[in-house]
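Only one chain is included here, represented as structure tokens and corresponding to the form predicted alone.
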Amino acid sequence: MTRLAVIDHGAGNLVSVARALEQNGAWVDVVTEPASLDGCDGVVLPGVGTTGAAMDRLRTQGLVAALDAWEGPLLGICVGLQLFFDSSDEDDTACLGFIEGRTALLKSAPLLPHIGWNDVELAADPLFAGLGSSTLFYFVHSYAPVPDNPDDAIGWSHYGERFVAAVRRGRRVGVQFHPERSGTAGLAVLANFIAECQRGRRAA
């Protein structure tokens, strides 16, 4: 069985993320320390909250260096995705720096936070296998990633302005939407990530 570590950095959606992954057949450990990543096939960095609070918690737990050293598949969700970048305009926060760029406020949004279902344009990527070129997903956010390199983007949506809704850099992949709250399509995204973890385990 695929073993996944879900990072507990104080996010409010840990239970729903863990249950959705378990529904797809994964064994889930909610972890708060670097040693708990040993033996995992993949890591999930979830997020409901602010980037500043999340980074403070990761530093306190000693997980910043551990995540930087992690070479397996890593999935960031919402704030977890935003932490991939160099910095966030929210709280003027330095983040993990996995992908060059920053997270910026949706300045053209009619109302913030952006809450609800939006269509996402999907690039051809293993995370979106079987989902076609566009699918509805559920969002709760006020900020979105702005990668320096447009090639890092693999999904786009629109709320007052076009924004990046998914990114990939190697085995690090992230989504701004909440797959654990996005019904069948969201479960398919999580199943595809689990499959990517299984492929990585077999190749190791």
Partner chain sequence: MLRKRVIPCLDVTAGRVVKGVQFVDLRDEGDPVELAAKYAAGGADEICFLDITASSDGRATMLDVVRRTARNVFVPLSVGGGVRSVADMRATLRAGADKVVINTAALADPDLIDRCAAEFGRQCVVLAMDAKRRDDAWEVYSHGGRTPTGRDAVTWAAEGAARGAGELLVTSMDRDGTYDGYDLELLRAVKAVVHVPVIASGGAGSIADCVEAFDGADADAVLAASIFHRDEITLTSLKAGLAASGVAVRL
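Computed from a predicted structure; not experimentally measured. Positions refer to the first chain, counted from 1.
This protein has a second form, the form predicted together with its partner chain, left out of what is shown; the following refers to that one.
- Figure note: of the listed segments 34 to 42, 48 to 56, 65 to 73, 168 to 176, the one touching its partner chain in the model of the complex, with heavy atoms no more than 4.5 Å away, is 48 to 56.
- Within this chain, Asn118 lines the site of its partner chain in the model of the complex, having a heavy atom no more than 4.5 Å away.
- Tyr159 belongs to the set of residues with a heavy atom inside 4.5 Å of its partner chain in the model of the complex.
- Contact annotation: Pro126 falls outside 4.5 Å of its partner chain in the model of the complex, judged by heavy atom distances.
- Although the partner is absent here, Val140 sits close enough that one of its heavy atoms falls within 4.5 Å of its partner chain in the model of the complex.
- The partner is not shown here, but in the model of the complex the stretch 14 to 38 reaches within 4.5 angstroms of its partner chain through a heavy atom at Leu14, Val15, Ser16, Arg19, Ala20, Gln23.
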